[in-house]
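For reference, the chain that follows is the form predicted on its own, supplied as structure tokens.
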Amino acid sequence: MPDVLSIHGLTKKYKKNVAVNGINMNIERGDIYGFVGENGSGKTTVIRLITGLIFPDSGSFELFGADNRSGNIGKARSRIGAVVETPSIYMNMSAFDNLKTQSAILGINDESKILSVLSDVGLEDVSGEKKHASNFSLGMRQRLGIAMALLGDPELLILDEPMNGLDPAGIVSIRELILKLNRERGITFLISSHILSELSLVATKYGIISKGKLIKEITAEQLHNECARTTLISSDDPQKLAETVKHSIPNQLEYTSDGVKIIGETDLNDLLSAIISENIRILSINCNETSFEDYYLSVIGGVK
């Protein structure tokens, strides 16, 4: 089965400004792909290229196996939904009427589907109201935008900064909605954001972009290992220390010239008791934990 999205050397220039510079990127079915980068890094440009709002200067991509340069790309794009930048909603209409209008554009004539989608995004309480979208909170507007994108039963849902400007309750609501749609409907997500702490609660894979270049792709498991708590213990007998630690705890270990690095949380009291019982002299113990933000900054080369 082909990847949902596979990008090869995609480039977009605006005069002398290279907005996207030869990126390679892969999203597999079922992924919640966190697209991470500072403002102006090229995230939205990539999304606009994928959705056909703009065209690349060079490079290519396959969407559900269809090459973007082929006649099949339109059919492939019908399998995606997107909320790019701000949701395209009619402020003088209710949630139901917004979806009814979108349904007419898509050729859908099924009011029960509208009610079902409103329920999916947690707007069932306003489905029968005439309250205009102009009176909605920002979080409600974001959910309405997602509801409009869901009407076409997308297999890939692209969200551009969906949590930007939301209050904590709104952020939690969008996060839970993403997880629900991924888990219950099997929707694959591409989510651009610079709110790293929130992405880390939903994403299964990350692409880190800076100045138009994709610096790194990393799975959530790999990121967890990179950011996990580490304990570095050194000794004047590193071989004996390593053997003792190896037989005392189940953690992943890395061996150094003078000791051992322990990956992940561990009970130091029990471990130190085991080391001391073997008459091993400890020279130093250093504990460290890297945040997602620190890791991100290290990857892109510091604060921009």
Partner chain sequence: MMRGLLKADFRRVMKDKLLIVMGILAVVFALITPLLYALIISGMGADEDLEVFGVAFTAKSMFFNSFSLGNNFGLILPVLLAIVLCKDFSFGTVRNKIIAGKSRSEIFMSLFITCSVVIVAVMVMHAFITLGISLCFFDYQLTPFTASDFWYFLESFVLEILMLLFVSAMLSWLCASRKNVGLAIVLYVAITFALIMIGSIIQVAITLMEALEGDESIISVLHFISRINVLNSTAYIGTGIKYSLEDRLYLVIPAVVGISGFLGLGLLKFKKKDLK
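Just so you know, these numbers come straight off a predicted model, no measurement behind them. Numbering follows the first chain given and starts at 1.
As for the form predicted together with its partner chain, it is not shown, yet the points below apply to it.
Engineer: Are any of the heavy atoms in Met148 no more than 4.5 Å from a heavy atom of its partner chain in the predicted complex?
Structural biologist: Answer yes; at least one heavy atom of Met148 falls within 4.5 Å of its partner chain in the predicted complex.
Engineer: Heavy atoms within 4.5 Å of its partner chain in the predicted complex: does Pro87 have any?
Structural biologist: Contact check for Pro87: yes, within 4.5 Å of its partner chain in the predicted complex.
Engineer: With a 4.5 Å heavy atom cut-off, would you call Lys100 a contact of its partner chain in the predicted complex?
Structural biologist: The answer is yes: Lys100 has a heavy atom within 4.5 Å of its partner chain.
Engineer: Is there a heavy atom of Met91 lying 4.5 Å or less from a heavy atom of its partner chain in the predicted complex?
Structural biologist: Yes, contact at 4.5 Å.
Engineer: Ala220, Tyr255 and Lys261 - do all three of these have some heavy atom no more than 4.5 Å from its partner chain in the predicted complex?
Structural biologist: Heavy-atom distance to its partner chain in the predicted complex: none of the three under 4.5 Å.
Engineer: Pick from 196 to 204, 182 to 190, 225 to 233, 91 to 99: which stretch has a heavy atom within 4.5 Å of its partner chain in the predicted complex?
Structural biologist: Contact-bearing stretch, as computed: 91 to 99.
Engineer: Please identify the residue among Ser78, Ser137, Asn164, Ser116 with any heavy atom within 4.5 Å of its partner chain in the predicted complex.
Structural biologist: If I apply the 4.5 Å criterion carefully, the residue I get is Ser78.
Engineer: Could you list the residues in 26 to 58 that come within 4.5 Å of its partner chain in the predicted complex, counting only heavy atoms and keeping sequence order?
Structural biologist: Sequence-ordered list: Arg48, Thr51, Gly52, Leu53, Ile54, Phe55.
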